[in-house]
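Given as structure tokens, the chain that follows is alone and in the form predicted alone.
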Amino acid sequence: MIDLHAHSNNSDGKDSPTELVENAAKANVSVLAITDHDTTAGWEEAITAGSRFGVRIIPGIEVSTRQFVGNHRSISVHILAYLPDPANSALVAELEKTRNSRINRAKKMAELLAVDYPITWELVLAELPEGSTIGRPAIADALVTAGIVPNRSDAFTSILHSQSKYYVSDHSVSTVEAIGLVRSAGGVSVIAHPLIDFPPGQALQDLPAEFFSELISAGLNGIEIDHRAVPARAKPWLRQLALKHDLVITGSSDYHGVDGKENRLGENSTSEQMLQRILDQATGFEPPL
């Protein structure tokens, strides 16, 4: 089984890279991509654990980006970057800029929450291993620890959603620029869980074809279609788009740990053929055998 989207506690997962790989082995996942948000910090440990537990590791990054759609509406887009050169200076600089922005954003959100809840910046930091990429999940975990919500999912639906008065936006590179950075670093770019915010009542013919065309023109290599958050009615349209442009199609869990999200390792998978296409196109980092 091939699962190409999973997180460790180097970003917003609950498992260490070693625990992540061990849990993947228990779930009969034979190939696992570690794709922490905006960092490569977990690669080395995951690769070592992969040798120990018999799981092939595909090092990757989930890059935070933003792109304008239609009437100048800015949306958050995540790009899965597989096997880029982790020492590529342009990519490293942009990831560092994003991580620093995440820190400032999280501090502002903690300040806003502190007006109504017993939340402090110190409590948020206590939820993270040193050096981890901070994000809203750490704030959600602090809310759980403080007994304000029962779990991380409830924190996102009740307090930390994007329309909440506590929500603060952060810096993200444009999606088109991110695809270029990944390509320059020898990586393969796949858009993660697209259209998760596609309105239920909107007609399929209103899917943002121009948005995808722009990304494909920029060099997008693939689409993560088999993901629990991708609307079922959008999947046939996405598959047709991928076939039309000969894009890689992936399926993944987006696992965040046993106590993270409900997503379970191996709940969606990628075919061996599609994995091989990623390996054939990547030139930035040699994956372990």
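The shown structure was predicted, so the numbers you read here are calculated from the model rather than taken from an experiment. Quick note: we count residues from 1 along the sequence shown, nothing fancier.
What comes next is about the form predicted together with a small molecule, which is not displayed.
Using a 4.5 Å heavy atom cut-off, state whether residue 260 contacts the small molecule in the predicted complex. Output for residue 260 is yes: heavy atoms within 4.5 Å of the small molecule.
Using a 4.5 Å heavy atom cut-off, state whether residue 194 contacts the small molecule in the predicted complex. Residue-level check for residue 194: no, no contact with the small molecule.
Can you work out whether residue 86 and the small molecule are in contact in the predicted complex, taking contact to mean some heavy atom pair no more than 4.5 Å apart? No, residue 86 stays farther than 4.5 Å from the small molecule in the predicted complex.
Proximity of residue 208 to the small molecule in the predicted complex, heavy atoms at 4.5 Å: Answer no; every heavy atom of residue 208 is more than 4.5 Å from the small molecule in the predicted complex.
The small molecule in the predicted complex reached by all of 198, 231 and 235, non-hydrogen atom within 4.5 Å: No, because 198, 231 and 235 lack any heavy atom that approaches the small molecule to within 4.5 Å in the predicted complex.
Interface segment, criterion being heavy atoms within 4.5 Å of the small molecule in the predicted complex, picked from 150-158, 124-132, 211-219, 180-188: In short, 150-158.
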